[in-house]
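Same chain, two versions here, written out as structure tokens and called structure 1 and structure 2.
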Structure 1
Amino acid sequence: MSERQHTIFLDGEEVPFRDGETVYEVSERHRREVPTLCYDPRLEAFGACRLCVVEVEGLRNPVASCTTKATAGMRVNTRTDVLEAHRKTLLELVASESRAAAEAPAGAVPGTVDPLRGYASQELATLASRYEVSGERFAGAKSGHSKGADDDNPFILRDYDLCISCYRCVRVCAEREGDYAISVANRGFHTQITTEFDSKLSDSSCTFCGQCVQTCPTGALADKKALRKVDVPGELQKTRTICPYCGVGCSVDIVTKGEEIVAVQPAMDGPANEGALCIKGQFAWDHVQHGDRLKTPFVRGEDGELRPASWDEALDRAAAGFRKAYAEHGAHAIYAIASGRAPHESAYTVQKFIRAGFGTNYIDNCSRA
């Protein structure tokens, strides 16, 4: 095999490809910005939205580049007037079935939703803007039935009026999370994302990991916790960090407006998680800003009631308790469990304190899973 056999012609430019790569992947690497709505690089290519169609010389019809493997010598056009016209028509059809398009004020981009709904929620609106999609063409029935109060879980809003049936949620649930909690009911225009027996998510095998929310390209699945913060003023800002809960080390973006945390989103490029989180990492961040959160130590008085105290007083009290237990019952009467929310350095300090300080190995951490 000569080197030359491992190239394709992309819009006339000869470019190399790797074995097994799809035309879409090659196009992405060469910054062709081929549009898509059903594609998530972490998932098996599905070929639903057809926006990524490209022309391949020798084939009568355009092909979906996401499901077409590159082959040596292939001549591909990613952006012709004909393709762009098909893409615009497809986007106008998609916009026509969505409540967001119908409700968009005159002149607004169809499909616009609040970015707090989820990581990928701007994809439809971004494409609608790029292709100058009219929200008025192809008017007709809307698809999907939102589940408002019918699914009263605290985490995931199932706003299916905005659903465009790309099935990224179903596929991420099966392929990445392994939950198989959701699937596709009915067919054609009446397609609806469902659970077993159309039950609530809380009665299904859903683990509320939130991956469906974060891959949804329209905001039809939305982060309910974040949506409480829609009216907080300020620009959204993202700060990359590591999830503090367990030892996996999932990369997350803490989303803030001003000084206030308004959401957590997974980092799609996080090496440990590739966009995955669990229910805690995704949704359990209220405690950070909660009014009941302890900000000063407390000690218990003679009367049994807790009262605020200084750190010196509190630490003296704790030290006294350790000394008493050690003196009366020995080293093995002491057992430490480090909090899963504590950073690694703190966890290290705890085990050092117990092992070196008292001479026992009775240590543990709450996030053993």
Structure 2
Amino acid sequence: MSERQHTIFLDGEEVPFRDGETVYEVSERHRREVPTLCYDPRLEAFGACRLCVVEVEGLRNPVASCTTKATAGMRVNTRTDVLEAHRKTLLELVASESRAAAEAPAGAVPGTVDPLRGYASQELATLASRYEVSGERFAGAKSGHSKGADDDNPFILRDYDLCISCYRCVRVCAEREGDYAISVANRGFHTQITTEFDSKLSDSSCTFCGQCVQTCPTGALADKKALRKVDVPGELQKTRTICPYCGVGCSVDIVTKGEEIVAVQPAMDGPANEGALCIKGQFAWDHVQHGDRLKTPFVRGEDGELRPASWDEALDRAAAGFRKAYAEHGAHAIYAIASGRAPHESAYTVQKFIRAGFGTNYIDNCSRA
């Protein structure tokens, strides 16, 4: 006998759910628009922002859908006038506490930042626009202060004037990376995202993976290198590809304006990385279009200086170097390292070149490095 299918009633519609799923996960899968600011599907549910609250029949008060497990026969309302009013009030509170959001020009959407700041940087602005909120209703004390001028690292901007204390950055650093490089200090309006001893990121255990940047829903943590490209003309376009640096095969989105690369963002649905990248995959991309990048081979002349050459001349010079090394030092002086991201045909060619050409098995690839 097949196992009985569990269902809940979601806004009056009977829908199935899997064992262990939360009400939020069920709602997302069935395309209900349940807002949130502290939620990241890669992290343990936190239930801090309370925007995802839903009404459950039989319970007196709304509950956070991200931390509430679905149970058979549960009747849930995800969007009512009461819930929408509750969410708007919460967003007004969030906008009023964030200095940058509260001080937005008249008519501007609170929390509006350039999308080059990071993958999730538009979440607050999107919700503020949807609920037509401003930072004026609960104007008062602010929390967080920017570390922009105090932290000269080349990769991550710490613009905490935009911080809303959702703690996603702290949690992704701990839960996904295991670095625990950043944490939370103080409480209330004195809350501050910080490092150990309030030091620079470069003096902490931060590996500059950029996970905190890409999960931040306000752009308080931002990609410094990408922000240098804000004035490049053109519309932002994303192209899915694979990071070339090692054999893991992390999925990335190359962000471009016209023909120019302006950022690299991790693919949150990448099967190998699920939104994670190392420092190279996240930030080492500007060499692709650097002005000093070679466009033709160079060979060293008799005077010791490098000069431009044709491909035929360069390949002949390389072949002569191999022959000389083999003649003077034997086969074991020849060693090859292939790219872990090279096509099968290229990998086969390299190993054939070393094994058949020189009679040695001295060959490896970068995925073991």
Partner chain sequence: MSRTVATDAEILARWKEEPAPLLPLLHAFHDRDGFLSESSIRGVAETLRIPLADLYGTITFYHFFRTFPPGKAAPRVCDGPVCKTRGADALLAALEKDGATPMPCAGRCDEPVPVLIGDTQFVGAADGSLVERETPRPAPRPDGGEECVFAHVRDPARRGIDGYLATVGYAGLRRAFCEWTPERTLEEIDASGLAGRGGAGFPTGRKWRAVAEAAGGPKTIVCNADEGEPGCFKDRVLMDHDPHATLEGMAIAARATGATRGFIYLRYEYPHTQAILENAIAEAEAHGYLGADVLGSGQEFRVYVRRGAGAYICGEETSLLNSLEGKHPFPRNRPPFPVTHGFEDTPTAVNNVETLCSVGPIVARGADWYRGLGYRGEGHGDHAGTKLVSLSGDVQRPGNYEVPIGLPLGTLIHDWAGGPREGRTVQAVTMAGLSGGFLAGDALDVTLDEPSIRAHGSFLGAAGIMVFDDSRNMVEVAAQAMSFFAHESCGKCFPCRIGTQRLTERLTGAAGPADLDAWTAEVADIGRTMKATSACGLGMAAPLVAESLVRRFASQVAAHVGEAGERGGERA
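Reference numbering: structure 1, starting with residue 1. Computed from a prediction, not measured in an experiment: that's the story for all the values here. If you superpose the two forms and keep the largest set of C-alpha atoms that fall within 1.5 Å, you have the rigid core.
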Matching the form predicted together with its partner chain against both blocks gives structure 1
| Rigid-core frame, C-alpha of residue 18, shift of 2 angstroms or more between structure 1 and structure 2 | no
Core-superposed C-alpha displacement of residue 347 between structure 1 and structure 2, in angstrom, equals 4.6
